[in-house]
Structure formats: structure tokens, C-alpha cells
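Presented as C-alpha cells, the chain that follows is alone, the form predicted alone.
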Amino acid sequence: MNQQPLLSVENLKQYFPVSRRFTVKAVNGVSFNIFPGETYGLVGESGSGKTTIGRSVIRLYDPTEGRILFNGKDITGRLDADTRGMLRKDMQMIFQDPMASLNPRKKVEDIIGEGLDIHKRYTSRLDRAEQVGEMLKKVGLSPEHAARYPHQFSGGQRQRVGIARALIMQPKLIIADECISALDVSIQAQVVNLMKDIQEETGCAYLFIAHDLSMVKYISDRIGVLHLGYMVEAGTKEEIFSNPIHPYTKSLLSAIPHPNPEVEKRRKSVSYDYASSGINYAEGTEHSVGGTHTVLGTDAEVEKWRTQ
């Protein structure tokens, strides 16, 4: 791609001190770019650092090390008023649990309209109500729902409210943190299709965090595979799914169930245990294996994985 990245994460480290002797190293030197209008998927098991990266990028956490560039501005250190205002308007987050992230004491119109209130993005109360109503229609709800409270909605409807709250500011980047994992499978498809439609209409980019690989393959343009805070493999979805190199990626892909029962009977999952694998992520370096496809490992390890 010739265009400039919308988001550039360089060697991000996020550590959490637990005591004087022990520190949780949640993210270890992760780097990736997201370009305007594309969807970048982050996959990995629970505890791999996916959500921590999302929260660090939107500056809910202060990064321990590394650099984050968004919209051409460095948002890593202390933010001045202009940069903070730009960040809050142009980057939004959809959270995993729609009930926990929506204020139960506020009506939907006030939850969605809160960003408009803070940034003074309406001319009158009528204009505000119209913007909220239009956004509710865009996410498949009715403007009449604006007067309801979160507990009066189903899980899928609450997640649509969360999407509407993120979209009302017309952001350039939306961080979707496991935003479909708490929903029924049929509702998951509806929400992901809604996100794709909105992306086509508005041109926004997504950082799509999930552990459902089939859904990540459906929505993402490029994918990064995380394990124990390290980016072990990254590339386009075709490169990752058609030609996985790292043993952890192969293990993840082998665990995807197949809809054909005859094929599913013969499917064998590949086990991967980091402790007994003899691999040390800290000693590995990023190797390019064609196109945008990169793998973390030593020279000998990557050569062995490619020939297996």
C-alpha cells in the first residue's frame, strides 16, 4: 500500500507491576499498521494480550514502552488538549460486554448522544435527537428505542447500541474488542455484517479483536496472531489461513470445527505447548516469508517450520 497508515504501533510493550518482585508482561514488543478503510484482526487465546493492545492504543493504559502514531500524531506520552480531543473524536471502542459498558441509569438517547454533548456537535436539541435517531436506524434499531434503558434490550440490541455510540462521532478507527463473543451465533453474523456495511458506507478502519478464527477470516483484510504477548505471525488472511508457518498458528487453525460432519470426524487438531516446545519468543526475530507475511522465530526455527 502506498498510502500512509492511519495507525502505526511500534514495539509496544505493556507491563503491569504486581509487586516489587513480580511484573506481568502482558504485551512484548508488538508492531503493526492499520491503513484507512481496512480491518486488522488480532487473534489468540485468552490472556495473549489482545484486549491490552486495544486499550493501550486508545490510551486507556499508558504504554510502558514503544510508540503509537495515530492520524499522523504521536499519542504515546502525555497528550496535549488538541491531541486528546482528536483522539477522542477519531478513535472509538466497542466493548466486549454490552451490558457492563452501558450506563444502566441512562436512556439510550443519552448514552449515544454523550459524545455529541462533550464535543458540542449539535446546534439544537432537535438536531441532537435527529442525529441519535438516524444512528439508531443505521444500526438496525428504531428511533423510538431512544427513550428506553439498556435492560429493556436483548444482548444483540445492546451491542447495536454500543456500535451506535461509537459511530455517532464518525471515527476513523473503531477498536472492536470481542464485540460478538457474548452473542448468539445468528446474532454474531448480523452484527458483523452490520459492521461491514458501515465500513463500506463511512470508510472507517477496524481493529477487530477476537478468538473466533472463522469470523476473523470473514471480516479481516490482514491478521496478527498473538501468543503470550508476542506477535508470532502476521499477514493477509490468505497468507495466514492458506500457508501458516508458526506452530502456534497451525495449532489454532487446526482447532476450527468443520461444518461437514464427515470431514469433522477425520479432523485432527495439532497440539502446541510453549513450555515443552523449546521455542523462546524473546530470542526470536521477525522474519519475512513473502509479501506481508512475517513470522517470529530464530533463523533455524523459521527454516524448519517452512519445510514441515
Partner chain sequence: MSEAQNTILDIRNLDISFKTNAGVIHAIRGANIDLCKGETIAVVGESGSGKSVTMKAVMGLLDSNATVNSGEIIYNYVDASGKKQSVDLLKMPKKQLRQQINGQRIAMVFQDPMTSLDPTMTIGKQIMEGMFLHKNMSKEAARARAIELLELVGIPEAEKRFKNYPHQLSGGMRQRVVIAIALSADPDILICDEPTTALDVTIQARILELIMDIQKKMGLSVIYITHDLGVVAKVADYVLVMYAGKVVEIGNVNDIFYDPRHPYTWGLLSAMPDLDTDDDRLYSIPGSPPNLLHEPKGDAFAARNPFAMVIDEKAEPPMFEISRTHRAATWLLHPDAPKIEMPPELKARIKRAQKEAEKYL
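Remember, it's a predicted structure, so these values are computed and weren't measured experimentally. Numbering follows the first chain given and starts at 1.
Keep in mind that the form predicted together with its partner chain is missing from the display, and what follows is about it.
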Query raised in the report: Is there a heavy atom of residue 261 no more than 4.5 Å from a heavy atom of its partner chain in the predicted bound form?
Result: yes
Requested in this report: Indicate whether its partner chain has at least one heavy atom within 4.5 Å of a heavy atom of residue 147 in the predicted bound form.
Outcome: no
Query raised in the report: Can residue 32 be called a contact residue for its partner chain in the predicted bound form at 4.5 Å between heavy atoms?
Result: no
**Report entry** is_contact(residue 153, its partner chain) in the predicted bound form, heavy atom dist at most 4.5 Å
**Finding:** no
Requested in this report: Only one of 252, 57, 245, 26 comes within 4.5 Å of its partner chain in the predicted bound form by heavy atoms, so just point that one out.
Outcome: 252
Report task. State the residue from 117, 184, 130, 74 whose non-hydrogen atoms include one within 4.5 Å of its partner chain in the predicted bound form. Result -> 184
Query raised in the report: Looking in the predicted bound form, is its partner chain within 4.5 angstroms of a heavy atom from every one of 45, 218 and 268?
Result: yes
Report task. Could you tell me which of 45-53, 279-287, 61-69, 32-40 sits within 4.5 Å of its partner chain in the predicted bound form, going by non-hydrogen atoms? Result -> 45-53
